[in-house]
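In structure tokens, the next block holds one chain alone, the form predicted alone.
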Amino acid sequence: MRTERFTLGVPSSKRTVAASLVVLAAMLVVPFVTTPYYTGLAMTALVFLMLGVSWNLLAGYAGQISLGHAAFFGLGAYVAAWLTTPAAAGLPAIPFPLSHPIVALVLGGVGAALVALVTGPVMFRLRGHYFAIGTLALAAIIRLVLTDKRSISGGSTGYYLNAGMGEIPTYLLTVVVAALATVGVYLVVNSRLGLGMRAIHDDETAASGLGVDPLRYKMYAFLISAFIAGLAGAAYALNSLYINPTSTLAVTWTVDTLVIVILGGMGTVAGPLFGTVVFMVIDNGLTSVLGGLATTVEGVIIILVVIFLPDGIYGSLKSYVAGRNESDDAATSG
């Protein structure tokens, strides 16, 4: 038995991705078998899943810790808003099909990726915690600019969308996009591109000495990560039909994303899925039971996970099963 081919007792990460897709497929029936409240929770979970998958690619695989992920989330939301409801920003009518919500969602991701393309070479002049601070500053600048430009962002009053799809179609579209994002990241990390990302994550200097261009692979990770974050922001905007710079570009989106990935396990494809489920259960379950104390208890739980399960829940389970399989192999061969 080859233990490196087994994850949670099933062969290879392909089975893990397949199980993740089964969960996402099951979510397709949520609007038809539950109340709007639970559909809303599922929608929030899907948005966080996309954010987690995108941040995990950049930080967990490429080793670039970004604290400005909310910037790309917010930009994706605003691009979708401008395309579907241009009149609210004083823009001319956007011709079909660019104004269609599905196209607007994709272009929300493209818009975020273009900003990453422009800012990435500057950001990656910084390393380590300086890069993290730089991305945080980038998010703050974008937030301030959009707050100041009330004519195109609505300012503190906000921006109302007229997407015209309805809650259930938007939810179903988000399920599909989340599934595609998960599969896309799986394909990336298991390709030569992913190998290069892991190389610069482990030792950037050594990777460079072996002919791996660090900037090139950092930029690939940054662009893909920003694109998926932009998709998440666009999906959020099309579902809520209301955004504003203060909440849509808030740092809490980044913080919650970090928590999700850390809970699930950085550098694993299934980690963000596990983390999203755990985070949603903790966040909403504790709030309904403990009320105002929920945030404090949630913080304690997260600290305990970081201390006792540094590889995250999924990562720790994976290591446990691999270790048990090795013991069984040793006993069998003995």
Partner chain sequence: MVSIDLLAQTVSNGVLLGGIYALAALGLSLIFGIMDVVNLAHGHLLMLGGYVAIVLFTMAGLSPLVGMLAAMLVLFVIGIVLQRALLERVVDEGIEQPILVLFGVALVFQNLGQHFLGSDAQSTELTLGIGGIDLGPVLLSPSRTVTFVVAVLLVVLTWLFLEYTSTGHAIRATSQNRAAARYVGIDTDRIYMLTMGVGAALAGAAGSLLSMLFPIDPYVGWSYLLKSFAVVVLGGVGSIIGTLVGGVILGTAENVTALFLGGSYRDVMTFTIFLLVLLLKPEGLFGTGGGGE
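These figures come from a predicted structure and were not determined experimentally. Take the two forms, find the largest set of C-alpha atoms that superpose within 1.5 Å, and that set is the rigid core. Residue numbers count along the first chain shown, from 1.
Only in words, not in the display: the form predicted in complex with the partner chain, which the text now covers.
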property: In the predicted complex, the one of Leu114, Leu98, Val251, Leu215 near the partner chain [non-hydrogen atom within 4.5 angstroms]; result: Val251
property: Proximity to the partner chain in the predicted complex, single hit among Ile65, Leu28, Leu286, Met280 (heavy atom within 4.5 Å); result: Ile65
property: Thr34 within 4.5 Å of the partner chain in the predicted complex, heavy atoms; result: no
property: Contact flag, Leu41 vs the partner chain in the predicted complex, heavy atom cut 4.5 Å; result: no
property: 4.5 angstroms heavy atom contact with the partner chain in the predicted complex for Leu258; result: yes
property: Contact label in the predicted complex: Met266 to the partner chain, heavy atom within 4.5 Å; result: yes
property: Candidate stretches 238-246, 225-233, 176-184, 122-130 - the one whose heavy atoms come within 4.5 Å of the partner chain in the predicted complex; result: 122-130
property: Residues in 288-312 close to the partner chain in the predicted complex, defined by a heavy atom within 4.5 Å, in order; result: Gly292, Leu293, Ala294, Thr295, Thr296, Gly299, Val300, Ile302, Ile303, Val306, Ile307, Phe308, Pro310
property: Displaced residue check between this form and the one not shown: Leu41, CA, 2 Å or over, core reference; result: no
